[in-house]
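A single chain, nothing else alongside it, follows as structure tokens in the form predicted on its own.
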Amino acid sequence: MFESGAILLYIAEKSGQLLAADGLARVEALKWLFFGSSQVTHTAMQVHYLLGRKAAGEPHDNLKVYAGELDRLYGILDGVLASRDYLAGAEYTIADISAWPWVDRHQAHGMELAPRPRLRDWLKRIGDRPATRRGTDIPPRGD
């Protein structure tokens, strides 16, 4: 199996956790899962890759374009978090798992969260979860 969104969906369905069984709550979580695994992931990956090229003295065309797009996506996430604690609502879901690792790399990507206070709070809320800390404390991270 491959593709992070498909893997997260599989885990949620097999475990019966991190995704509502049906209804609008499920659709909302899937909507933000797909946004995280397509828009956020792929845009942040481009910024990450192009910053590496820049650091190596290699061409890094479109870095500003991708960084601008990532900032725009951060704005969308910050906006949805104005009315809820997590991307899909009141509960932590696979949608949050999909987007969090890339937003967590915001400093490495040269992105500021000061203008996005709700996104910053969401990042901390998830980062403070014991399971998240266990997963991110596994060395070496190297990003």
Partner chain sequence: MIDLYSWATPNGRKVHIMLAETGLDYTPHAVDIHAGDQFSPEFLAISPNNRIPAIVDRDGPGGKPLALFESGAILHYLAEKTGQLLPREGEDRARVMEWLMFQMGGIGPMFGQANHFRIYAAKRFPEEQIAYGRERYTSETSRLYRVMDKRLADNLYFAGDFYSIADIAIYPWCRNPERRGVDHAEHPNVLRWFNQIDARPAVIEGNKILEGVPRAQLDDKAWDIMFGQAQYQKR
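Not measured: the values here are computed from a predicted model. Positions refer to the first chain, counted from 1.
Here the subject shifts to the form predicted together with the partner chain, a form of this protein not shown in this document.
Taken together, Gly5, Gln46 and Asn62 are fully in contact with the partner chain in the predicted bound form: each brings a heavy atom within 4.5 Å. Proximity of Thr93 to the partner chain in the predicted bound form falls outside the 4.5 Å heavy atom cutoff. Contact check for Ile76: a non-hydrogen atom falls within 4.5 Å of the partner chain in the predicted bound form. Taking the partner from elsewhere, Ala88 is found to have every heavy atom lying beyond 4.5 Å of the partner chain in the predicted bound form.
Using a 4.5 Å cutoff between non-hydrogen atoms, Val27 counts as a contact of the partner chain in the predicted bound form.
Taking the partner chain as it sits in the predicted bound form, the stretch 31-54 comes within 4.5 angstroms of it through a non-hydrogen atom at Lys31, Trp32, Leu33, Phe34, Phe35, Ser37, Ser38, Gln39, His42, Gln46, Tyr49, Leu50, Arg53.
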